[in-house]
Every structure is written in C-alpha cells, then in structure tokens.
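One chain comes next, on its own, written out as structure tokens in the form predicted alone.
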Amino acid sequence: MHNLPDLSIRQLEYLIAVAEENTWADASDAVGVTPSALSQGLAELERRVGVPLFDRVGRRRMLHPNAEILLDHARQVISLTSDLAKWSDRMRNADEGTIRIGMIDIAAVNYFQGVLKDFRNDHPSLNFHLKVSPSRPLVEALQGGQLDLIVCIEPEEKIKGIEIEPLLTETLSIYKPGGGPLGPPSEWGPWVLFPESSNTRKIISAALKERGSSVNVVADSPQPEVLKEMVNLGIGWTVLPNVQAEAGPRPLIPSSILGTRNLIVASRKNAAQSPAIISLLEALKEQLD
C-alpha cells in the first residue's frame, strides 16, 4: 500500500494562493512569505505528492491539470482546518459546552446580575443554566454534581470535597416597623426572619442572643421581599443585608448594624474546570474589584 505523502497545511495554502492570485508576487503577499519561500514550499509539495503540479510557459509557471485534484483537496482541508481553529478559539473563550451555576438570590439579583447578563451576551453559544436557591440546596447540588459552581453563604463547617473562596462580606442590619431607635435589647422583636435551617438565620440568632435579645420568631420566609413587607405591615422586626432591605419599593430604614455574613464561591475539589467556569469566576471577582 502506498504511503500518503506528508503534506503540510502551509504548503496547501501556498497552492491555493497561486491558483487564486494573478501573479506569484501577489500569491506570496497573500500568504505572507517571500516569492522564494513560496517557490521552495511548492517545490517540496510537488516532490511529496510525486506528480507534476506546474508547467513552464516561457518564464512563468502555470498550474498543471494534475494540480486540480490536489487543489480541490487543499481547499477542503484548509476550510476544515479553519473550522477547527474557530472551534478551538470558542472553547478557549468559553463559547462551547454547558455551564451550571447556582446562586442565592442576593448574588444573582443584587451583586452579579450585570455580570451574568454580560457573560451570556459575550458567550451566546454556551449552554448556560442558572439555579437560584438558598445556600443549603445549592451546596447539596454541588456535591451531587448537578452544579459546577455556586455562590452562597459561607457554611458553618468545612464540607468534604468542596473548595471555597471568599467573595465579599455583607452588613446585616436590624429593621423595625417605622425605623428609629431600638431601645434595650430585652424589648426587641418580635421577629420575622429567614427559616431556621438557613445559615443566615443561625448567624442572626447568635448575634441577637449575644446582644441580649430574645429570638421570638412569629413568621419566617426565605424571600427577603416577603420579610420586608412583613416589617412594613408591622408584623415584626427583621434582620437583612442592607442591599436587600434598603433597595426597591418600600425600602426599610435601618436602626442598627447587627453583624456580618460572608458570601463565598464554591466548587468541587480537583474538578477539571471548563474554560467557561474559569471565565465566569474571573468576571465575578472583577465585579467586586
């Protein structure tokens, strides 16, 4: 069986240039080499193919009829190679594949809404999935492989197999109906807070007890908008991140800072991260900078 000649992409580009340009000088300009280098490359191509590719007409070299078959092959190869290069660029630029992100509501709506919008616009071919949920379900989905990256409240303890990186620290403030001074901690409340299972509720409860307040919870909700409205209706006091409580319709008036909570970004340890994940993570950090 005859071995296939070891042809180079560059030599095939030379052949196409000679076929499409008026002169060898124009062809050499088109591929960015000197006429001498072009001539040497085509001579090597002819040697490797083993059939004549050019005829001499006076001082000019013209394509031999044999070259037509190779020329068709060259155009197909160059076209496919161009497609491969574009695919490679898209992969490096996070434009292909699937990305599965999880965020708590404040991250998706308040802090990173613009980042997510710009990221999706910049990578239209990317299959992008966003899950907005409380921290605990996000962590469980990350552990189970349903999500690739999450932004959530820092967990109380380290989670096996999960790598975390701090993003930002939020201020948590006390809000009472109508605002104004708080009075002694023994008179604070009643409270409308996040569900008891949430990390933020645990942070709030610990801080309130440390200040000497009871934690008499008359209603709870995972949605800060609901807690805001309960305060506006006079049902109880609450503790919320400032960015959620003091924005939008019917904003609350802070009475005092209670404490802080940390937002982190988490991924599985030793996971082979796609370019899309790396690109989004960089965009999240740039937003905070």
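Rigid core: the largest C-alpha set superposing within 1.5 Å between the two forms. All residue numbers are counted from 1 along the displayed sequence. Computed from a predicted structure; not experimentally measured.
Keep in mind that the form predicted in complex with the DNA is missing from the display, and what follows is about it.
For the chain shown alone, Leu63 is not a contact residue for the DNA in the predicted complex, no non-hydrogen atom being within 4.5 angstroms. Among heavy atoms of Pro249, none comes within 4.5 Å of the DNA in the predicted complex.
The closest heavy atom approach of Pro35 to the DNA in the predicted complex falls within 4.5 Å. Of the heavy atoms in Ser256, none are within 4.5 Å of the DNA in the predicted complex. Among the residues Ile278, Ala271, Ala25, Ala19, the one placing a heavy atom within 4.5 Å of the DNA in the predicted complex is Ala25. Remark: of stretches 36 to 44, 260 to 268, 224 to 232, 240 to 248, the one touching the DNA in the predicted complex is 36 to 44 (heavy atom within 4.5 Å). The three residues Gln11, Tyr14 and Gly58 all sit with a heavy atom within 4.5 Å of the DNA in the predicted complex. Relative to the superposed core, Asp220 undergoes a Cα shift smaller than 2 Å between the shown form and the other one. Once both forms are overlaid on the rigid core, the distance between the two CA positions of Met62 between the shown form and the other one is 2 angstroms or more. After superposition on the rigid core, displacement of the C-alpha of Gly41 between the shown form and the other one amounts to 2 Å or more.
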